[in-house]
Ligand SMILES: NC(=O)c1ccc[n+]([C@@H]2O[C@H](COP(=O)([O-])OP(=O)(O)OC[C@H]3O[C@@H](n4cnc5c(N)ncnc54)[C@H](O)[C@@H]3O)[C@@H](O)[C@H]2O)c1
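In structure tokens, one chain follows: the form predicted on its own.
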């Protein structure tokens, strides 16, 4: 039995506790700032308002604090939104955490001073001196994982032995783990698929969407190579696998559908998705300054069109 701490009580963090508990681990979950999820997780029946299920009674909820981080855990999984990465980086550094860290969060960070894009693991290493970091990505809808539907994901660490050790802690018969040493490629693919799932969703029929899917994969290959990842990773779980899931049933694809119908992003967000987080839009705003200034726009026309449509609030062109 291993001691696992999950930081982030949202859908993905809470769903991740399900296989961890089923693999006979002692699991604690904490939530730094969402009152809704704190209320869900601290209640007697542990009914999660986003997952729409009752979580296991074995799951222990603890209030987030520096003392909690100082407890001894065999694994700390971070499932916060991208905006919470700096916050938790500071807290982990302050608490001098030595336990292995597993990043579930997907995204990229643009640093204006250095005019460079960093992955989440790079950001935590550079800014907060956190070294024992692995990442977990792949085609995983939280609601399906929470209901124990068969799910395949990938754990990446430059030291494959560490990745496999984490796999032993979290895997079950329904939560299947693959492994990779291509940390950069896995992180880049898992982030940019949010942008491309929006573009695929803009296709108004299967023929158009399939064409956009193929073109999206080509652009993802180029971007993965550009950021020093392996092209083969694009064709794996973190790339094509995750892109398929997001395009088939995610919020990004849903927003893309409205953009494909001729709505501007602001109008679609206000009218149809006022309370939904659209990760692809957040990522566009984060990395657009670098993409527009530094990259060969002819190699990524789909992404460039989406960036301009969102930043200038114009109709999307996908032809």
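Residue numbers count along the first chain shown, from 1. This structure is a prediction, so every number in the text was calculated from the model and none was measured.
Omitted from view is the form predicted in complex with this ligand, to which the following refers.
Peer 1: Considering only heavy atoms, tell me if residue 79 and this ligand come within 4.5 Å of each other in the predicted complex.
Peer 2: So residue 79 counts as contacting this ligand.
Peer 1: Please run the contact check for residue 83 against this ligand in the predicted complex: heavy atoms, 4.5 angstroms, yes or no?
Peer 2: Residue-level check for residue 83: yes, a contact with this ligand.
Peer 1: Do residue 306 and this ligand share at least one heavy atom pair within 4.5 Å in the predicted complex?
Peer 2: No - in the predicted complex, heavy atoms of residue 306 and this ligand never come within 4.5 Å of each other.
Peer 1: Consider residue 106 of the chain shown here, and say whether it contacts this ligand in the predicted complex, taking contact as heavy atoms within 4.5 Å.
Peer 2: Residue 106 belongs to the contact set for this ligand.
Peer 1: Are all three of 213, 241 and 318 close to this ligand in the predicted complex, meaning a heavy atom of each within 4.5 Å?
Peer 2: No.
Peer 1: Heavy atoms within 4.5 Å of this ligand in the predicted complex: which stretch in 58-66, 263-271, 287-295, 26-34 meets that?
Peer 2: Only one stretch qualifies here: 26-34.
Peer 1: With this ligand left out of view, choose which of 166, 130, 117, 140 has a non-hydrogen atom within 4.5 angstroms of it in the predicted complex.
Peer 2: Looking at the other structure, the residue within range turns out to be 140.
Peer 1: Pick from 11, 20, 302, 310: which residue has any heavy atom within 4.5 angstroms of this ligand in the predicted complex?
Peer 2: Exactly one listed residue reaches within 4.5 Å, namely 11.
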